[in-house]
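A lone chain, given as structure tokens: the form predicted alone.
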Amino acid sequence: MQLSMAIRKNYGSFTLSTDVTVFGDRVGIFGVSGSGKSTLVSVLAGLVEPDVGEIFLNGECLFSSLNGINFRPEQRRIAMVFQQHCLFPHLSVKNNLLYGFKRCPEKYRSIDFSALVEVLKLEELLGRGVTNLSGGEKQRVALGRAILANPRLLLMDEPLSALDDTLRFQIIPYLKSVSSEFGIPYLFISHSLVEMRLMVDTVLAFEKGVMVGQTTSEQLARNRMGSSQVGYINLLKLGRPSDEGSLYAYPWGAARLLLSEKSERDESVAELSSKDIIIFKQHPEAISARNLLQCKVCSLFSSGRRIGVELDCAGNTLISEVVQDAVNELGIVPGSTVFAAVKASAFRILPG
């Protein structure tokens, strides 16, 4: 996908102004509430007309104030998934799914209904009314309805914000799988850095209606480490645990970690804040933390008043954060060897 937007839209004291060209199939729009994310999405979908500017999608002009071009929403072939599922309560799950499909011109109908139902695991829900579905099931149906419209671009406007943590992390694999399975690029809008890192490659960051950066989701997380109350969140892929006394031992690549939380899954993802990783210059004689990893310092980076330390721990990457005084006192430089200590209780297994 290639998307170019050079537009301006005024709403009283608020102005959305952007001039950007982005390439890629997994693009994120990041910003706090009021930064202009939803306005940008509405403009792109054709629901709101810019005051001035141009929009091009894959070389086709969707809007041009100079040339008097303004494609209607249905002409743009851009589908949306909102915060709320917005399903039709009088229709069954099957008929909700087919709503956009029936309105799509036959020449664009390339997505097979049965294949989509299988990917989203909706087979047992087709005959139900949508009022008898859980929040996660409703969001999967809403996603399926958008995909069956056979769009050339999918817009997801905070699609997980109305869900609790358990449902949120259950839905993410479905969001990613339908895009890869059916070749539909997406713009994913969120104020969550963790969601950004799980969902997208490229991120457009907005503040007060202005794009302040185009970067990767990983770099965005590092840049915001110093200003975040939770620091940088490491996302660790873990194997199936085994019992080890009062704790649980998880394979982590070639290393092993002890956690206080147990997962029944063969594969899990755990969160670990950069604030919860303590660095030692030498192997400590005794320590209460159950995880002590010998690591090599790969690089250092600044974020606000904090220094991020990128560590290679037996082939796995961890980001710890320290102050500049600690860097100086411990002699932390790229290539040096340090020991990283982490409490077993510092990890959080993401629901799945």
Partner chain sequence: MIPLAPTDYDAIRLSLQVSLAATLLSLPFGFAVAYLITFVRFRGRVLVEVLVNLPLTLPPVVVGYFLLLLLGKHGWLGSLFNAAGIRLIFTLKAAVIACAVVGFPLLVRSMRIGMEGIDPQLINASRTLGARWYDTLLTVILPLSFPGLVAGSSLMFARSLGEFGATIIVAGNIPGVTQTIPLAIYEYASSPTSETMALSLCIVSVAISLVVLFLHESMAKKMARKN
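Residue numbers count along the first chain shown, from 1. This one's a predicted model, so the numbers in the text were calculated from it and none came from an experiment.
A second form of this protein, the form predicted in complex with its partner chain, is not displayed here; the remarks below concern that form.
The three marked residues, I233, R256 and I279, fail to reach its partner chain in the predicted bound form, with no heavy atom of any inside 4.5 Å. Shown alone, this chain has one stretch from 111-119, 222-230, 264-272, 140-148 that lies within 4.5 Å of its partner chain in the predicted bound form by heavy atoms: 140-148. Of the heavy atoms in K107, none are within 4.5 Å of its partner chain in the predicted bound form.
For the chain shown alone, V212 is not a contact residue for its partner chain in the predicted bound form, no non-hydrogen atom being within 4.5 angstroms. Put simply, E74 is close to its partner chain in the predicted bound form: some heavy atom of it is within 4.5 Å. Taking the partner from elsewhere, V203 is found to have every heavy atom lying beyond 4.5 Å of its partner chain in the predicted bound form. Exactly one listed residue, out of I171, L247, M80, L198, brings a non-hydrogen atom to within 4.5 Å of its partner chain in the predicted bound form: M80. The partner is absent here; in the predicted bound form, the one residue of L292, L47, C298, C61 having a heavy atom within 4.5 Å of its partner chain is L47. Heavy atoms closer than or equal to 4.5 Å to its partner chain in the predicted bound form belong, across 89-118, to the residues P89, H90, Y99, G100, R103, ordered by sequence position.
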